[in-house]
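A single chain comes next, written as structure tokens; it is the form predicted alone.
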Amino acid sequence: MKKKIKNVLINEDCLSHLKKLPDNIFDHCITDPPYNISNYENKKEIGWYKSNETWKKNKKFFKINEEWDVFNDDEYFEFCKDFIKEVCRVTKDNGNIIIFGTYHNIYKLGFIIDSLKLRIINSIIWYKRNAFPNITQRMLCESTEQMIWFVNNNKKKAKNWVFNYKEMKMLTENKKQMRNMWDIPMTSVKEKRYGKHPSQKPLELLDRLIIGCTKKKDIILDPFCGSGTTAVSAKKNGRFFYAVEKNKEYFKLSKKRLR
């Protein structure tokens, strides 16, 4: 089976596909699931945004509104629970699992991970220094995303997880310990030259995760491949990828980037 799971890109629903796979075949998982920003319950339509041409036309501001990101609250919680359980089943014991989120979903993810008694190692904060301004002027400008890094084992048995301490030190400006707050610009236009994804992560961000939390020739699962950044970084850094993406257009985008 191991030969068949190196550098694979699949165009399928992640949950349906993961259920077909045997246990314990991937070394790690790094993934960026839907955040349920498009249609969470009790979300209000911003009336003035609909009639304000400045933000839409001149500043090209568009809210994430994707079919794959639409759940009600109960559906989303069950969806997260299901995909986390499947990811844990197909990842080896003590493998690293890193999941992205924002305030919309990160607390739900943390609750599920904790309820499964899994060992959380770190939260990692991505500070987007060039984040888009908050146009409502009714709250602080949201300038971060978070990652939960946990080990695929319970709190008592978790051991020997991969953390390349020295390599991470070398990535810092002053060659000191890597901290858990990363100041990295948002995805550049250059990285989007093959097509656009509304939540595409910068390659530098995935490079840090892969260099720091995996080993050469490890196989990294990404069940929400999107634009393929995890797979691109894995290939670039001497690892293998196994990526699943449901959306046909994003699947094609990932193929272009990997070529």
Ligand SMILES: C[S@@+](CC[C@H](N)C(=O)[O-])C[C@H]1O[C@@H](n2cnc3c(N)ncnc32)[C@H](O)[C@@H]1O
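Don't overthink the numbering: it's just position in the shown sequence, from 1. Because the structure is predicted, anything quoted here is derived from the model rather than measured.
The protein also exists as the form predicted in complex with this ligand; that form is not presented, and the subsequent description refers to it.
J.: Establish, in the predicted bound form, whether S227, V244 and N247 all lie within 4.5 Å of this ligand, using non-hydrogen atoms for the distance.
T.: The answer is yes; S227, V244 and N247 each reach this ligand.
J.: Would F79 count as a contact of this ligand in the predicted bound form, using a 4.5 angstroms cut-off between non-hydrogen atoms?
T.: Yes, contact at 4.5 Å.
J.: Just to confirm, R208 within 4.5 Å of this ligand in the predicted bound form by heavy atoms?
T.: The answer is no: R208 has no heavy atom within 4.5 Å of this ligand.
J.: Though only this chain appears here, would P34 touch this ligand in the predicted bound form if you measure heavy atom gaps against 4.5 Å?
T.: Heavy-atom contact with this ligand at 4.5 Å: present for P34.
J.: Between 183-210 and this ligand in the predicted bound form, list the residues on our side with a heavy atom within 4.5 Å.
T.: Going through 183-210 in order - heavy atoms within 4.5 Å of this ligand in the predicted bound form - the hits are H197, S199, Q200, K201.
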